[in-house]
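The data below hold one chain only, encoded as structure tokens and taken in the form predicted alone.
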């Protein structure tokens, strides 16, 4: 007998995992279909709610009326972000911050990145050019360039540990062992540290990072913080793994690494998606579906000569018609009109211009999101993932009540 899931989520990134966790906590049977590692694994791991002004929620009110944030109210945004904070804390990955205040974390280029909620390992991060840091690097480590930091923060010092050929991921694994951590602390104590803060690339382990950071601070008697590196990102992978763990604990079934070959519909309902397989195709049945595949970077949208296409359900896509105006003259700041591309939805996050009643949409694939322009990627994913899940719950409740009434009659 084939399993019929209550909700099938297409996309295993921030929006999809957020929706899965909310639905799992409500007792629903959930499946996630994902082609590969999502964009969150490449990110800094920080939660950008809105990178404009000091108060992100006040900034939301100033966004254009068609921005997806306006589909929910301020209280819903607060509740969604609070829920995120509670989930990652439960999974041993505590975050710091409030939705009412932005902050800047130091990047490998020595400049500050505006964000809102940060991993506990980045709490002490500062981009103040007058701050005195003791920067730690590892010989042979790519994707981390302390020279940029020292150039912008001239009062800082640098120590380099000879480790041979290393990567951020291999270092994170080494930090999980007591033997290496003892060795690193012994080496660090032998250096002449005069700075107020110690900064190092984000490599302080996988599941033990907060505890490792605390131990370093206790023994060195000064704040320690991680600096996000270029992808692959250890903090981004930590975040993704924490959310996957939570979803698995709630019973979510994952179908990874297989593209969707067909979508089965009946009247106004999506009934199943079929996954490519070397043998017999895998059919994933659902009572409701959430599309959370991301925009162009995530592969949810593709462009070709005839326009822009949504790749799974082939939903109507809103985008600037004139290809000559898709991109601005400068790459930065990101003022590219093509960022408007995406799926238009109603107040229940159902796609407009289609009659499908059990399909909902979340994340950066929503039209007018402009996550680069507004600096709202993970924040928008969390909020709209929660919103799509809430709409799913209402739909399934309404459907169940209708079935009960029919049987009673």
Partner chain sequence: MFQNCIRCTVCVENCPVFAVNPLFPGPKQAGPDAQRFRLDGEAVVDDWVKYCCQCRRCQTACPYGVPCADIILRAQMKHEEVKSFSRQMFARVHTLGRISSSLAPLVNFLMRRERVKSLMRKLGVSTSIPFPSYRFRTLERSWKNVGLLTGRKEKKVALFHGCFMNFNQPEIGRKIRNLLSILGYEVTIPPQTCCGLPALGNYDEERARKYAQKNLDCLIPYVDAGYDILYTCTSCGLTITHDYQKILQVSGGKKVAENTYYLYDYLLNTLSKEAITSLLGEVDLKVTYHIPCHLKALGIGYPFREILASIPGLDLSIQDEYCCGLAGSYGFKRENEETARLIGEKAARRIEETQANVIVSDCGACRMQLSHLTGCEAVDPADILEKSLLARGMKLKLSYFFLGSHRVGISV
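Positions refer to the first chain, counted from 1. Keep in mind that this is a model prediction, so the values were computed, not measured.
Just so it is clear, the following notes concern the form predicted in complex with its partner chain, a form of the same protein that is not shown.
S.K.: Using a 4.5 angstroms cut-off on non-hydrogen atoms, would residue 249 count as touching its partner chain in the predicted bound form?
M.R.: Answer yes; at least one heavy atom of residue 249 falls within 4.5 Å of its partner chain in the predicted bound form.
S.K.: Would you check, heavy atoms only and a 4.5 Å threshold, whether residue 159 touches its partner chain in the predicted bound form?
M.R.: Close contact is absent here: in the predicted bound form, residue 159 is far from its partner chain, nothing within 4.5 Å, heavy atoms only.
S.K.: Would you check, heavy atoms only and a 4.5 Å threshold, whether residue 282 touches its partner chain in the predicted bound form?
M.R.: Yes, contact at 4.5 Å.
S.K.: So, in the predicted bound form, is residue 144 in contact with its partner chain at a 4.5 angstroms heavy atom limit?
M.R.: Looking in the predicted bound form, residue contacts with its partner chain do not include residue 144, since no heavy atom lies within 4.5 Å.
S.K.: Name the residue from 319, 313, 175, 254 that puts a heavy atom within 4.5 Å of its partner chain in the predicted bound form.
M.R.: Exactly one listed residue reaches within 4.5 Å, namely 254.
S.K.: Looking at 126, 167, 107, 114 here, can you tell me which has any non-hydrogen atom within 4.5 angstroms of its partner chain in the predicted bound form?
M.R.: In short, 167.
S.K.: Among the candidate stretches 255-263, 70-78, 213-221, 129-137, which one is within 4.5 Å of its partner chain in the predicted bound form when only heavy atoms are counted?
M.R.: One stretch meets the cut-off, namely 255-263.
S.K.: Output the sequence-ordered list of residues from 348-381 with at least one heavy atom within 4.5 Å of its partner chain in the predicted bound form.
M.R.: Read in sequence order, no residue approaches its partner chain (within 4.5 Å, in the predicted bound form).
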